Each structure stands twice: as structure tokens, then as C-alpha cells.
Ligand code: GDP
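What follows is one chain in C-alpha cells, specifically the form predicted alone.
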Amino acid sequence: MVKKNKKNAKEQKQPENVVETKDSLILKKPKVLTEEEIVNGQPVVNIGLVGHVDHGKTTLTERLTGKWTDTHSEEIKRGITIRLGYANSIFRKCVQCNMFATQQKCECGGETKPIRKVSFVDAPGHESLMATMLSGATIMDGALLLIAANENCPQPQTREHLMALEIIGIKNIVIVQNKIDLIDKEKALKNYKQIKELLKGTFFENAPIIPISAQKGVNVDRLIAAIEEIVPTPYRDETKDPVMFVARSFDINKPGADLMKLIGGVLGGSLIQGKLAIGDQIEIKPGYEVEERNQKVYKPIRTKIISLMTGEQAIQEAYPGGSIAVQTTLDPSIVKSDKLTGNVVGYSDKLPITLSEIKLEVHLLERVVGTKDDVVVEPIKKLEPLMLNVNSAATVGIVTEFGKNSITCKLKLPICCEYGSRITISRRLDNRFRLIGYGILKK
């Protein structure tokens, strides 16, 4: 979503096809695409799947996309999502019965027509991986909050993820009451009431609650209908200089590959504005760490785009919207194992400056999010380490100065972001970082 600049709101002329809502700009009438453009093109929206661990996020992603996103060896071994997973899906509608689907053939036997291509971001639910979830949330245009119907609600990370979505500014969400096949009607209604109580008083109080079974495929058509209604295609400015948030980085070469046939490193993420094309020269910031005069500093990386992918589809140009993969001329060792996650990609000298020290206007919550007990958020202390998330980056900041509503932090890892950006703040409690509020980046 593109946030409205309130200071210059009256001076800015909106495109004719754009309508302003309370929180963002959306398209009145999204560009009409042909069936071929939808199928072979880039997704137009990113939708996150968030919630407590083992509530069915990865199973639902597979049900909607046909792809199992837990592919890392440790994910398979432990049975949980550790890294952000990405998969695309084409939403369709039956020409015969108007039912929503993801398959070319409807259950009624009729043909389905593609209506929108979406990209799903499968975020981890485990409490120790909250930073990964927060990093992924910054590229989401909407979200599905999964809640298992066979457990009491809320679970600790259910509440934490809900609060995180509100803090980051994701307003368009659908509540997914999953695993209804494991309980009877009475327990399902009890769980539904618990969900309504959780949402009471939040921005999401009137969010739709869709009961489904991701495992059995029950009510998935109703879920797609709710997504189509709640998560619109946002307006994005393609005329601006490109800005891409890197959420993953890969070495896709197999062990023992011929040195003469090595493929350059790949960056995965989402374009927030502008567009990228094959052959573009790009800059990556903050970049890589070097030592100068006995001090560690970060230098931008410059490289060239060799190819672009969205899902399994090769594209010539990438636009703001769904997740993309950018193959570069970089040495694979530079990008492997998500080394460049949190970086920002754009044209040389067009990106924000790299910051190793930041000042934040702080907004703290009344209660710590994610703990079983009711813990009051205490004031931030000098020299306290805080986990800070901005764009797709996660870093630790040591508080060097603090005032009534502001703090200054020296960062362990530098960040590249615009002044005015919203940064989530987490504090270490019981050996875990817990969400306690957010800050606005000030000069």
C-alpha cells in the first residue's frame, strides 16, 4: 500500500482511477487484464498467512497454491515454518455456478475463468521467529490470520501477530477458523465466540471469520470470496524510482556444480514502487560489511539483473505487487543463506541513506504482547537492547539516549529506510523478544 503524505495531500494530484480510503490508496477499477496476462503475469497483491505455530498456515498455502512452502531441511525435520515461504495462486470463478476456485474445473463440472493472480507469504508462527514474521509483514497488502478451532483462543502468538498487523498498518485481514473438521458444532461456536472476544476493541473487530478445513478443502471457496472482497488491489506508483525490499536471498546452484556454469545470486522480495527490467544496473543497501580504520562499515553492492521470475514464470519486467525473484551477476556466496535479507534494492544513488544510529518517536503499548501472563510495558531504559524491525530488516538497537517520548539507538546492523518509516519495537523477556510498541524514524 502507498501511504498518503498528509503534509502534501492537497498539493498531490491523484490519478483518476484511484480512490483514497482512511489508510491507503486503492484502485477504483483495477486494470482489466486478459486471461493470458493474469495466468502468465506477475501477481498484483501480496497476502500473508500469519498466526500461532501449527495452526495450519503452510497447509492452507498448499491448498491455495499447490506448493508446500516448508522446503528447508530444518523445516522438514521440525515440522514448522522457519523462513518466509512464497507461492503464487490464480483465483478463478466458475462461469456456470459463480463459485470461486483455484482449479480450471469447478466442482459442478463447469469451466473457471481467472480473475486475479495473488502471491502468498507463509510466515512462521513460533515465538522465537517473531522477527521473521515482522520482516515478512512489511510486504503484505492483506493477511489471513489463522486460528485453530480445536484450541482455546487466543494462543500467545495469535494475539502477538494480530497486534503486529495493526502496528505495521495492515488493515485488510480475514480471520480463518481452521481445523473445523476436528471438532463438533458446539466447540466450533465456542471457539467462534472466543475469536470475537479477541477482536473486540481492535481495528479488526468486524473482520470476517471464515470456518474452513485446510486439510480437507472445506469452505475454501468461501475463503477466496472473502479475500476478493476484503483485500483490494492497491494503487502503486510505477513511475517512481524502484524500491524493492529483500525478504530472501539464495544460491540456487547445486553442490558440485561446474564452475563455468554457476548461476549468479538470487534476491527474493517485493517491489514497493517503480519497476525493474532485465539488464538494469541496481544497487543493494546497506550492502556488505568491510573494515576501515579499525571500524566496521557497510558498502553498497552494485550488480546487474540477469533474469526475473514470479513463481515459476519468467518475466521481462517486474512491477509492484506480488513477490519476485531477481537473478543477478553476484557471486552466489554473497547471497546464500539469506545473507542479504533486509537489504533494499533500487537504482544507484536513488535509495535512502544507510543509518547506523537512529532516533525514534516512541509509542509503547500498555501490555506486552505474546506472553501468557498480563505484563505491563515498563519505560525503555538506557543501554537496553531492543529488537527493531523496519521494511524487511531486523536489527538490534542499544539505547544510548532517551527522552519522554523518544529514544536514540546505536544499531548492531545498519538499516536503509526513509525518515518517517514505522519501526516495530520488541523487548527481551524470558529469553524471547516480545512486541512492546513501535517508533517513527526521525531526523
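Bear in mind the structure is a predicted one, so any value in this text is a computation, not a measurement. All residue numbers are counted from 1 along the displayed sequence.
Below, we refer to the form predicted in complex with the named molecule, which is not included among the displayed structures.
- Of the candidate stretches 408-416, 390-398, 46-54, 33-41, only 46-54 contains residues with a heavy atom within 4.5 Å of the named molecule in the predicted bound form.
- The listed set 92, 179, 248, 285 contains one residue whose heavy atoms approach the named molecule in the predicted bound form to within 4.5 Å, identified as 179.
- Although the partner is absent here, residue 58 lies within 4.5 Å of the named molecule in the predicted bound form, judged by heavy atoms.
- In the predicted bound form, the named molecule lies within 4.5 Å of some heavy atom of residue 214.
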